[in-house]
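Taking the form predicted on its own, here's one chain by itself in structure tokens.
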Amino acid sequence: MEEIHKKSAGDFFILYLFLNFVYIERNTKSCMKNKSLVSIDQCSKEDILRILDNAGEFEKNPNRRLLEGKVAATLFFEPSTRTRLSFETAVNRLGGRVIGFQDASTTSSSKGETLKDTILMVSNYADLIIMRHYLEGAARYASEVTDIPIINAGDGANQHPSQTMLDLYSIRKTQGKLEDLTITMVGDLKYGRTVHSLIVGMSHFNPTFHFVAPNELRMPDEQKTFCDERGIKYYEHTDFTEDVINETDILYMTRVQRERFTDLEEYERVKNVYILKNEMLENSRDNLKILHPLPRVNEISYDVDDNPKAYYIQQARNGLYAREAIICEVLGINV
């Protein structure tokens, strides 16, 4: 892709060496072992529940000066609206200060500076780095080259752990539990880092999954193997039908991500393949809630917005509370 060609060759070389020689699992025993959150599989069931409980405390009172005197750096090598703004709002509401960038083209990385040098430089100024990057594994690499905490705000098509925490918080808040739920994921399941992370996060709670996607965007084998190894039930569909919706507790819609496609003709073929319309919800369960990591394009009709089962706007608001809890967790601050 044109954008990839613009990136520093040094970044690719460093990450290639790192991802081939570092044993990925060594930091996955405990969520905060190295004071970073780069993948949801670092978190035990107890870690998840503790963070969700703390998020609930922040919902009661989001304005608490627990970060007085601390600086958080937000490094967004990819575009973001909700994730970046909710993290920055979280830092501000906790009494901290924010530095960083939202356009990597204005930084020294556009001159060829490696990711390692960028992280080491920023580590001189901040107590915490919140980073979104286009390369899978970038956040984990960053956590290895600095002593300050790293929070992964999304790395390529790989992981988005803070989104998973707010999704879990939203699910528990609307369902009253996390256990024994049926979750239907619809749309871009190949490149969708939010659904990949959510599968891992929900794996502690005996879910049943329905994966609805065209063949070009079906759930990767890695995630299905993860489910198989843990005895998690899942069913795959290419048709998005009311029969599937009517079996569902959580309907998790996703957009088809144009930025992940190298073949734009393929994108055009699948971009509008599934559209949720209000009449499709007529016989759905009373407890059904519709989630979406946003932004949406055409996959949810606007007539769904007024349905009480639509929860994606409230879901985005929950991101503030979940991210306040995550920030305090990695910094070792008691809530």
Partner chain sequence: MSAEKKKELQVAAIENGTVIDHIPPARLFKVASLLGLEKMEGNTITIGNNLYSQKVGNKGMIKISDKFFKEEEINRIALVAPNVVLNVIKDYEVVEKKKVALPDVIKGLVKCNNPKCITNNEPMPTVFEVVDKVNGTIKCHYCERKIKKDDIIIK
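As the structure is a computational prediction, the values presented were derived from the model and not from experiment. Positions refer to the first chain, counted from 1.
Although not depicted, the form predicted together with its partner chain is the subject of the following passage.
- Residue heavy atoms within 4.5 Å of its partner chain in the model of the complex occur in exactly one stretch of 139-147, 206-214, 236-244, 166-174, and that stretch is 139-147.
- Looking at L94, you'd find every heavy atom of it more than 4.5 angstroms from its partner chain in the model of the complex.
- The closest non-hydrogen atom of I250 lies beyond 4.5 Å of its partner chain in the model of the complex.
- L115 belongs to the set of residues with a heavy atom inside 4.5 Å of its partner chain in the model of the complex.
- Contact annotation: L135 falls within 4.5 Å of its partner chain in the model of the complex, judged by heavy atom distances.
- When you look in the model of the complex, the only residue of S162, T254, T74, Q159 with a non-hydrogen atom within 4.5 Å of its partner chain is Q159.
- Applying a 4.5 Å heavy atom cutoff to its partner chain in the model of the complex picks out E222 as the lone residue from 214-250.
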